[in-house]
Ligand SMILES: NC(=O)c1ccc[n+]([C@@H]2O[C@H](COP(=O)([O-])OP(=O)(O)OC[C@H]3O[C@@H](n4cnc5c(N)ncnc54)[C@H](O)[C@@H]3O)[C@@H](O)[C@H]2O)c1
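Just one chain follows, in the form predicted alone, and it is written as structure tokens.
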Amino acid sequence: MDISGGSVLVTGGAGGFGSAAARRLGGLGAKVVVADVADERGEALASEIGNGAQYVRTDIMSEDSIVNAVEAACRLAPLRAAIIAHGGPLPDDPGGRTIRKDGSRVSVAHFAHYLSVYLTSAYCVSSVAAEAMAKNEPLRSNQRGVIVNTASIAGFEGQPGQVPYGAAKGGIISMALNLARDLAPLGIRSMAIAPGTFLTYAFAQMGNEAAQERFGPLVLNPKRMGDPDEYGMLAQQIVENDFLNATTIRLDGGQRF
């Protein structure tokens, strides 16, 4: 799909995955909306991308805020792609294994919070974006848009203490196919990317070298953490290649647990 005349919404756009995708798609001539709550990084990225890119402060826990971001993108140009790469606020109570060492269980509120941050919000962005894309004039092969969600290898092989997160990301994996089937009559594709261990802002806080030493050896080949631009490269290929649809692509250097 040629998005040079369209707009792109990137939630979590100021983060590692989001900013990489925003730069890549902005480089194709799309008008990018960087949707995030990291004001300084978001404004700087929009300025760097240029071509009318905008930063729109977006709370992914608020449907109204998501609708506002989608509307901002549509005002720039027809919305052709939504890259959903956001995280979200941490829960109020602690997590861990379902039954912790002290014998207490992880609360239902903790579990529900992860589903809200990583799954419900992703559905909200997907559905609001799809509603806007359905109004587009079709391009080649009757294509109106594409939605790219971000899963995780934890959705396939969650580790101890990851029940809430793994369940949410497993939902993203399931949603990729179901959304594609729902949206196919409208010419809208749905895909998901399942990253492994990447050197995003969350890991960079411990220092790039320390993070690489700790997590790089977990990757089969190459023996390093992923570069967020490798996520951006795949997001770009998904957007451009109309025959990529209805599945989740692992992006993990062969990492398995």
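Because the structure is a prediction, the values reported are computed rather than measured. Heads up: residue numbers just count along the shown sequence, starting at 1.
The same protein has a further form, the form predicted together with the ligand, not shown here; the description that follows concerns it.
The ligand in the model of the complex: contacting segment from 134-142, 97-105, 81-89, 179-187, heavy atom within 4.5 Å: Answer to the contact question: 81-89.
Residue 197: touches the ligand in the model of the complex, heavy atom cutoff 4.5 angstroms: Because a heavy atom of residue 197 falls inside 4.5 Å of the ligand in the model of the complex, the answer is yes.
Heavy atom of residue 45 within 4.5 Å of the ligand in the model of the complex: Taking the distances in the model of the complex, the answer for residue 45 is no, it never comes within 4.5 Å of the ligand.
Residue 239: touches the ligand in the model of the complex, heavy atom cutoff 4.5 angstroms: No, no contact at 4.5 Å.
Proximity of residue 126 to the ligand in the model of the complex, heavy atoms at 4.5 Å: Residue-level check for residue 126: no, no contact with the ligand.
Contacts with the ligand in the model of the complex, stretch 142-163 (heavy atom within 4.5 Å): Heavy-atom contacts within 4.5 Å come from 150, 151, 152.
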